[in-house]
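In the structure tokens that follow, the same protein chain appears in two forms, which are kept apart as structure 1 and structure 2.
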Structure 1
């Protein structure tokens, strides 16, 4: 039984029984108390007439006394029944009002409405578990990309915040614990349009529970999980979680890229950032001796990157584990000048403020810069609320966990081909990365480009598929022409063509497209929109391929082809 109906019936059971009892008593009394007809003879009332009289009396219609005038005894009984029924109705209405304020009933109503909204979704969507800082960034980016999503969060204030945000799409959200399978089912993880689940809560055991549940309920869809604890990561990996995102490890890799291959680091940042945002102009970190404040999970990844690059470091931590004393250890926080001076801040090339306290990190960075104005600062920002403070400080590199996770999620969702391109890019030299950066800079300027894939098949690109099936020679260059003025190129760069599983990196524009090709592009959002028009609209596709504007409708298009064929034959 529906939980709303069940709760309603349970709460209203007593007042309804009282009302039924009052009316049953009234009907019985009217049947037992005889009336008198015009001749003075006794005239008993039937059960039907008694029920009919009390029904229209209760509805305040008031047809009068029937089947004839009542005796005083009957009228007295009717007065008693009316007062009793007023008490019964008052009790029922009071209980009903109390029910609307009952938390369990409101949860049942909200959950029922949420289920109906999810079931009515007719477009592909993702389930986002956790609407904290990371979940908010992911949802806003998905909304900008016109990708629908459903949100579960245990904190009602976050759900209320989502309801107030002006998303373009209908964002269904529910205050519920994502660890519970019934809540994930309510969010539609087992429905056909669900494309994947993102477990982004701050509780990593909850993310683990989400991953297990989804793998059991719908193993066909991918799961993206946030995890920083090694044991949680290992557990997720043991049953085949599709993507485990550890922001500390990712930052360690980014930092090593910045040290070892600055141009590649810039390229990765450019392609994995949130589209449309200004590209951060970070200077590459210098080589030399570093100071690392905070040796938790983040600090270990940073020190690992320094060791991989052959750099020495001095660690400042209140209590690092014994085996790590080989790195050069000072006990403390690093927020005071004495500890930093003892660590050699005067001749260090850089410092990492990597504790889990934003104010402590800012204190470390400001003290270090006061002691050594030339020092390069890498700082960890834990809360988005402190963004203004970090911007005002202006560190060399600012590590924000929420943004790293959001960037990774969006890249994996929007363009799986991008991961393959970046994997290839990591094997290239700096000159190659510099040339790609220059092409993207020329195309999109100082903003992070949109990255998208075009799949040449009837489902995703019907116009391209029809043109290829008709023998049309479609090249990459045609996908870069403006659909209303083919003399103008679109602001986009082809990065990769995947053909029969084999990648073609930075393909030539004259490369003919083939059925089932997948092409990775980077460019402006406007170029992406116009290119989608070419891929789906036969008129736009014909124009960029042949320079002729074909009429709409297959009849007119067939006539136009016949005329063109006849004209060619007459000239031939």
Structure 2
């Protein structure tokens, strides 16, 4: 706001000075040159009359000569003054109009409007830097979860796209370079409602700059950064960036999970997918010899996973490899049948099409399938625009880095407890994962469950906190009862209880809750809704805990308490 006013005033300085000068000159002349009245006596013009005359003449309204007809000497002067003043006004107006077209002025106007919108946000929000493919996915998911966000992007066309998208919460966005601290401050990274910053731009050094800036300006909030280059990753880790998201590494781990522990892989898929959607029934990738086309950042992670699992792989890449990997290497693209045949496509169990060119990847996969119809295809999709092509092809596993990053961000933001649970799950064996899968299958069937956390404190679940403070023994089983019919269980499973920092995995139903516990549940969206009723509404809470409807209001409650005491005494 301030900078807009100051910019306007500064630009208007010269035209205003000229106007004042012209008026002063005109008034002086008119007062000095005497008029003549009807009787022929000299009639000097007063300052007020001169100012009045000039006001309507300069603005080209022109009421006529006053107080009487002018002498020729007066008219001569008026001619000079009219030309001067019209030029003065024209100059002022054009300056003012030019100002609204001025890019610096426009930036000042939009920036100050953005700043004001961010300051006025009164809900927790995240700052998203970069509204590309990943940023778009993240923003849409955050919006679906009713989490507010503020967007910075260097490209004005992407910001326009965001403004056209019908978001439920109104999303503030600014075309600005997220690398610059002042822009991050304008986006409110240092304000109390800011919950975290997501650096998702294509430019990894920009992500690094965002991470450093936020760590210095507001160390308390988490920073989630996208990074694929090892040196940038190491740099981010060196100053304590909270979450470094490398889509290629994540996919490598994902592939290894799928090869090594199919049940665990299904469990992770189930818990991190978008809630309510049908569970993808992927067949696990087979063991045997693989062909990997493209040995870049992606190919390296994939080959790493194969080696970890003890599988051999043949690499096809246009660039010469490291000397130590000389044996299983072929120079070429892999898009032609000859190279693939040479790599032994006929007896390979699977092929990874992992170049950074979507059309090349599809060509590789289609050629391989033509040569060997039973081959398992893992394919990398680079651009969201080619989604329809990939869907039509129907690979065994499609790797979309934007989706991997978005899923990871959303999982970290929405339920940090889930990350903890998954971390523990990765250290369990297959039988354990199979049993958890079976329990989830029982409650939610073939759809992806919602995953949520219940925090037992006065702010998040007032009814539970009150019941616990009143000495009520609330157990996990109570949280799984229908708030209007105790006989019906809710479709949800407690996965983890975090008690004073210590995790209790797959807790027993009879575990009594304690204050400040955090419980991770997976189940249907309906169960989540009903359970939040138990946590917030005292009547629902009393009902599931004791099986009685507590009366409403202080007087009725007091009466009910008296009655209960009376009956207890008569029994005693």
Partner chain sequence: MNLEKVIFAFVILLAATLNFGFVYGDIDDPAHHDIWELFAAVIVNLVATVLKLGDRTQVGAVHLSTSLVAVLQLTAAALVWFFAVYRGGQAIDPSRMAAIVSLSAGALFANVVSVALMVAETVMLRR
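Since we're looking at a predicted model, the values are computed, not measured. Here the rigid core means the biggest group of C-alpha atoms that line up within 1.5 Å when the two forms are laid on top of each other. Positions refer to the first chain, counted from 1.
Visitor: Only one of structures 1 and 2 is the form predicted on its own; identify it.
Guide: It is the first structure that is the form predicted on its own.
Visitor: Aligning on the rigid core, do we see the C-alpha of residue 480 shift 2 angstroms or more between structures 1 and 2?
Guide: After core superposition, the C-alpha of residue 480 moves 2 Å or more between structures 1 and 2.
Visitor: Relative to the superposed rigid core, does the CA atom of residue 77 travel 2 Å or more between structures 1 and 2?
Guide: After core superposition, the C-alpha of residue 77 moves 2 Å or more between structures 1 and 2.
Visitor: Is residue 492 one of the residues whose C-alpha moves 2 Å or more between structures 1 and 2 after the core fit?
Guide: Residue 492: C-alpha displaced by 2 Å or more between structures 1 and 2.
Visitor: Rigid core superposed: how many angstrom does the CA of residue 68 shift between structures 1 and 2?
Guide: Its C-alpha shift, to one decimal, is 8.5 Å.
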